[in-house]
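A single chain comes next, written as structure tokens; it is the form predicted alone.
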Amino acid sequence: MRSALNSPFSPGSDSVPEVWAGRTEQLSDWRDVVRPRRIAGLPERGRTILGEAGLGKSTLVRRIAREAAAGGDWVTPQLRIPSGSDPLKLVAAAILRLADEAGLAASREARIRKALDRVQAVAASGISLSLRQADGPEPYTVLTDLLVEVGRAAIRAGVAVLIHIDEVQNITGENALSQLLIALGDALVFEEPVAVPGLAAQVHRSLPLAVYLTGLPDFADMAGARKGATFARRFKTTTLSAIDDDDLASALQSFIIDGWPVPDGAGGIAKIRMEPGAASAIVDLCRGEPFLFQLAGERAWYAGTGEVITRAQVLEGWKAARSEAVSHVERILERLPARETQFLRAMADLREDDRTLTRIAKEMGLAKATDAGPTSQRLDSVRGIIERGKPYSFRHRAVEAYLSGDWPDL
């Protein structure tokens, strides 16, 4: 009855899983703040969602985009930026698709035709070649112009426009990053004059454009260093951390109470249920990581075929997932600078109530606590792996479990 064809769990960043856990704050931000304000013509910053691998950044915005599209909004596909690629070329192609959806391709207005032609050159040839081919404004300027036209069309249609750019940390070229952020930022802050019934004067409103950038925490340094206060004024940054165990348990509650519906093979519907102990085991094993949550659930689903997922099946399935869970955490640690990894290992070796900056610095072999201060600050404010409280604690609980205990062994 349970098979790979009907599993509701989906580890990986390329799909929105059916079993959704947490991130209610970010989902509510779109539904209650970003979209309503943008539709109403009120200014609202773009959103930058950062975090270590496996925390569900891309999946979160894909779910937001799916909801937006289902409600009739105009949405770009997930624009994943490969390392070394020309980001304006990819974004230009996506804007052209939005322009086509908005009906701008059929416009006879000279300014729109000119903007379309110029953006098509950027989409075909990239930044440097398009600049050599024709005189005129730089690519970021025409991208902004076309986004403004798309925004004007969205006003007339009564919809929002959502642009999602993923893997933004791969934009390593300073000029490309600067042009992209300025193009998007200028469109976000653009104000369109509109006539209001009963008023003799025009008023100005923001366009219904929403921009989401997702990527690794390194992007905060890149954007902050190159754009500084301008980036901060135009984009609000959130660094994701682990999901609370209560949210994970809530996501599995439907298995325990109602059962998960699947075809029974005879034209009807069967319900797959889960023992409370099985749900508790999944929550305990994944340590708040969305990727590991989906992985543990998937392996438990595959560990049997009956109508009840047992705790024993969760543990049996986890054996098959163990090496993947280890590799997931090790990739996070390997990506960190040596000093940051040393800090985390020293912190993990201490008792939870003894994790002060002074004790951690001593464990690292440093002469004074202030020598470890900048490292602790980056691990907290930039990477979101620790929290500098009294005492220090791990926000990334899978890293803590790997460094300080037997996890992922049972």
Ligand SMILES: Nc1ncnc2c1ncn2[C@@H]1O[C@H](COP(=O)(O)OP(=O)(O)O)[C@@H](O)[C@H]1O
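Numbering starts at 1 and follows the sequence shown. Computed from a predicted structure; not experimentally measured.
Keep in mind that the form predicted in complex with this ligand is missing from the display, and what follows is about it.
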| property | result |
| --- | --- |
| Within 4.5 Å of this ligand in the predicted complex, all of 11, 291 and 294 (non-hydrogen atom) | yes |
| Contact stretch among 349 to 357, 31 to 39, 55 to 63, 376 to 384 - heavy atom within 4.5 Å of this ligand in the predicted complex | 55 to 63 |
| Candidate from 220, 119, 243, 209 lying within 4.5 Å of this ligand in the predicted complex - any heavy atom | 243 |
| Residue 401: touches this ligand in the predicted complex, heavy atom cutoff 4.5 angstroms | no |
| Residues in 16 to 30 with any heavy atom within 4.5 Å of this ligand in the predicted complex | 17, 19, 20, 21, 23 |
